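Alright, here's a single protein chain in two forms, structure 1 and structure 2, each given by itself as structure tokens.
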Structure 1
Amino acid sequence: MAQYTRVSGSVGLITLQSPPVNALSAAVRQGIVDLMQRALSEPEVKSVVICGQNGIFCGGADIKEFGGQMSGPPLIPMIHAIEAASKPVVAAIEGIALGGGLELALGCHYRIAHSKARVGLPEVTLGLLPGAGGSQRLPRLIGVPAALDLITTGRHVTAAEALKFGLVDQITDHNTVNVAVKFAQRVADQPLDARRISTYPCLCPSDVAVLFEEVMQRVRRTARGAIAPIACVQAVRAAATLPYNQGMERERELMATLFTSGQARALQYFFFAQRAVGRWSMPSGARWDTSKPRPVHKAAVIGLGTMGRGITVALAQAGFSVVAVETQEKQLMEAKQKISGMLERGAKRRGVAPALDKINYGRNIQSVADADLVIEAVFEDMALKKKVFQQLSAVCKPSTFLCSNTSGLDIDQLACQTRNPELVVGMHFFAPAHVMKLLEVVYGPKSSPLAVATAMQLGKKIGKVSVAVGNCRGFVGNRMLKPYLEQALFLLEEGATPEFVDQVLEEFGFAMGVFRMSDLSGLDVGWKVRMADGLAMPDPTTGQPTRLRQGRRYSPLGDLLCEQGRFGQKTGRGWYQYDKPGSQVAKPDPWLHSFLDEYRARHALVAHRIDHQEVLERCLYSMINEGFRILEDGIAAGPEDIDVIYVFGYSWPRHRGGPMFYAATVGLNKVLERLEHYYQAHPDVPSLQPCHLLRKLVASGSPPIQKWREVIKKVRSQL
């Protein structure tokens, strides 16, 4: 809805009222239409100001309306009517003006923004384009290059940047509505023809054709199969080459195609999935809305390797006072230098002062005695971590939360080393920790809801998407990664090459294929884990690498490369070859192809033709199958948790919604049928055996993903 008041005698003030972000629901649109007509019909009113309640202008369309029949006044005619109004209309932008909210503001004749406001057209992140004239008005107002940047990326810009673009007419540090009202009074008698953006010529550079070709190539490269960014370029091209009305028709056609696409459904599902994971719950029934987090004023980080540095930077940038501890003098000096550089670069990008004063460094674990929360980030070794937790329990306050940045070790074993195991949780950050948005918050059987709530809230404050997960080997992300990696190796044994497997996965939408990613991370990382698990050992009877471990198929290919000193980019050789150690340009390696041929011959493996479908099905369906096992075991609360983890932590293409949503899109019966096919062909690979929950969902008629939790509850109760 919207409210109307007359202020200063001659200004009609229309206030959007639809908490929390004043989205343009049917009721709000109807309110705007009715109140604009009222303001234009009252002789005393000389100008109009549109604002939003509670310091927020408008967050855009009401996404909940996308799934059903749209009702109420359509947005485009409403904005056209505002632009055609005979009295000046001023948008008073506070908080945010995003998507349809910014399109509404572009339909106004003037825009006044608070200095802390942010504006943008983020529709591309929902698989759409600005479909209410944004793709046609914005290029006419700020020029084609700037409009292409904003529309194809969906990024938000500050008020200062918006002023620089010419997107807003004025910014203020004072009450925006009051400033807008005074502004509206001043322009009440001025002609409006020059203020209607739809009448502007589109500002194009002389080489506009070259510009669009370059932008399209870049967008195709970065979109990795997403269609919305490409449609955005096409819509802006229409603004640059067609009259406004024809451009609007092209915008409508493109929007209609996107609106019904599977990618838009996936991205909109993911939008709501991000919100669902914030409403976490534990098997005990403890929930986010009944578990109040405890404030954290001082945090500490133990261990300043790559992960510890990133965590320290993330905490300091969020305004926390941080104690950063590294016991080795040389490593401490190096860490100080690296952390300072990261903070300075980050501050320069954001236009703020670096938070160098937030960090106190120490070499002694006693330095963390008064911290409210400690994050241990030492090397991934259980004995070492146990020792650190024993020390922390001895020196910290009884109320201190003790957290481990482990990627898969047993949280319960660490909790058992402390006086208060209920205050111990895992906080699995992803590298680089100050950049990657995902945080797995791992609760063990002894973890209290208070500890989970506090870790989740801390994650939110440092800009992470926090997902609460149960305690098991690898948690959610790395547990699902294991069968994915295994299948990729088995495909090499059976005739594929690393570059073919990577090509298929990258065409699917991953930023990097499995083997390029392995070279980047370092092959030796996984090798050390496998050696610790007793896997990367030769057969004691033959001295040769074995292809069967613990009764199941095992590929020693990665171990054999590591024995050759091929650790990936760091050594200039891995699954690919590089011009020199540290280089990032991967090139096919003839040596590796010969090595694979010799390996197959030695083990009497007959290579067969492997096509795109087999790569995708074996890699992705084995991963998805493990996801169903995780849901069955209660390690993740629902499919949304898994999908958010994989999009933010493992570069799963967002326009495919996440692995569990993808399974629903493909069809659960097809996933089941193909898993059965591959398990029959490879009975020594247990990860290909379809799990009970997948079978149960198919037997239940493959319900939509939003209904899976009901089936999951029944399966868990039966188990």
Structure 2
Amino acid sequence: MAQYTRVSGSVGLITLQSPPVNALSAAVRQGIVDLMQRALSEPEVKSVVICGQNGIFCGGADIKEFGGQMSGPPLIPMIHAIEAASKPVVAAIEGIALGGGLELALGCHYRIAHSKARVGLPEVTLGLLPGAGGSQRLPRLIGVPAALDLITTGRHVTAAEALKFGLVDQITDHNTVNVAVKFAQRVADQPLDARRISTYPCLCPSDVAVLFEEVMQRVRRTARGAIAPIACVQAVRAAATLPYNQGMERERELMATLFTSGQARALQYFFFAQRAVGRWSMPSGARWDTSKPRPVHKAAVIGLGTMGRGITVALAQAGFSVVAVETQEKQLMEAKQKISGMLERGAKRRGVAPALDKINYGRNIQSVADADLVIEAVFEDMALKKKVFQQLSAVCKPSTFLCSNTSGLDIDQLACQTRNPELVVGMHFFAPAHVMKLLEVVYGPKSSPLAVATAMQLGKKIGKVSVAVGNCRGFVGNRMLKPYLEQALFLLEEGATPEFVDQVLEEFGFAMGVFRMSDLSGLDVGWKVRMADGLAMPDPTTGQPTRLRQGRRYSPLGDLLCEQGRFGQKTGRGWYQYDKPGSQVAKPDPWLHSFLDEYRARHALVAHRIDHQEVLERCLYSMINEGFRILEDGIAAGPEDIDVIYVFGYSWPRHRGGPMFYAATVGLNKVLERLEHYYQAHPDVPSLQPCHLLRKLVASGSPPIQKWREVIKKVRSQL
């Protein structure tokens, strides 16, 4: 909806009214069309101002409308009519002007922005391009290089940057609407021909062809298979090379292809999934909107290895006072130096002062006594962690929240070491912890809603996407990784190479294939866990590595590499070889290929030809099957939680929406059928056995992902 008021006698003020972000819904578009006609027909009105209610100009098209039948007046003719108007139209931009919101502003003759406003064309992040003239008007207004940057990245720019680009005409610290109204009065009688951006020539640098080629190459390299960034470059190229009307036609064609693509649907699903994870719930019924967090002023981190350092930096950068504890003097000094360096580099990038004074270092656990929340980040060893939790419980205030950065150990066992187990939760960060966006907040059976709410809020404050998950081995992310890694090893046993498996996964869109990723993380990490679990040992009778553990197929390949000191990048050898320890350039290793041949011969395994389809289906469907088990067990509340974890924590390609959304797009019956096929071929691999929830969803007619929760509820109630 939109409201019309006459201000100062001669200015027609149109206010967009569609909370929370004044998106351009059908009703809003209808309102703009009607009220523009009214303003143009009233003789007393000499100029028009368009603004948004509640200090927000416009968040763009209403994304919720994309899924259904579009109705109401279309955006493009509406914006053309504004540009063609006989009276000056001024956009008063407060808060945000994004996507269709900025395109609307570009159709106006002038743009006045508040100094705190942000503008941008983020359509690419939704699998689209600025399809309401944005791809044609923006390069005409600010030039091709700047427009390519904004449109292909979707980044938001500040009002100051927008002014520098010439994207807005003026910025103000005062009431933007008042300033825009005065401005509109001043320009009421001025000619408008020079203010219609669609009539501008598109000024191009002399080497524009080279520029487009370079940008296209960069975009293809980084897009990981996403099609929207490429279409964005093509649309801007049309602006640079074609007259406006033909450019608009090209924009329309490209947009039509994107709009109906699976990628746009996946990215739009993911937009809402990111927001849905904030509305967490626990099986007890506790929820985000009924559980209040307690403020945290002072936080503490115990253990300053790689993870502890990253967590300390993330907290200090967000303005928290942090006590950082490392018991060994040498490690403490080293950590202090590294943390200061990280803070200084981060501050330089953001143009702010480094938050060095936010951190107090100590060697004694006593120094965390008055912290409101402590995050333990010591080595991944249950006995050690238990000891730390006992000590923390003894020294901390009774109200202190005690959190563990474990990547998969039992939170309940840690909670049992403390006086107040209800204040214990897991806070599973991902390395590097000051960079990676994901945080799994893990509640155990004793964790209180207060503790979950507080950890979730802390995560938000330090800029993380936090997902509340239940307590089980590996939580959500690492639990699903297990069958994925396992299948990758089985594929090597059966004839594949690490290079081939990685190539297939990277073509699918992962930033790194499973073996490159393992080399980067360090093969010894999983090896230590398997040793602690009693898995990575040779058969006591034969001394040979056994391919069967606890009645299930087991691949000792990773263990055998570790026994050779091949820990990945850090030792210069792993699934690949590297020029030197620490190098990141992976090269195929002939030694590894011979090793695989010998291994197969020793175990009488006959290598067969493994194709793309088998790699993808076995790695991904086994992981997805585990995802369904996680939903069935109530460890994740809904498929969105899993998808957000996988995109932010495990480089799952965002344009595929996440593993559970991917399963829905492939078709649940197909996933089920292929799992049945592979399970029949490998009956000693339980992770390939289709789980009950998947069967139930298929039996229920494979409902859309938004309806899965209803089936999940039924399945859980039957268990």
Ligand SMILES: CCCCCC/C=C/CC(=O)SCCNC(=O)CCNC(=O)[C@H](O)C(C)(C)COP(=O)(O)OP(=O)(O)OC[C@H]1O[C@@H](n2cnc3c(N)ncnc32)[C@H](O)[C@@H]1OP(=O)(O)O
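Note that the rigid core is defined as the largest set of C-alphas that superpose within 1.5 Å between two forms. None of these values were measured; they are calculated from a predicted model. Residues are numbered by position in structure 1's sequence, first residue being 1.
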Legend entry - Number of the structure representing the form predicted on its own: 1
Inset, instruction - Indicate whether A81 shows a C-alpha shift of 2 Å or more between structure 1 and structure 2, with the rigid core used for the fit. - result: yes
Legend entry - Core-aligned CA displacement of Q234 at least 2 Å between structure 1 and structure 2: no
Inset, instruction - Return yes or no for Q680: a CA shift of at least 2 Å between structure 1 and structure 2, with the rigid core superposed? - result: no
Legend entry - Rigid core fit between structure 1 and structure 2: Cα deviation of G95 in angstrom: 2.6
Legend entry - Per-residue C-alpha deviation between structure 1 and structure 2 [N175; rigid core superposition; Å]: 4.1
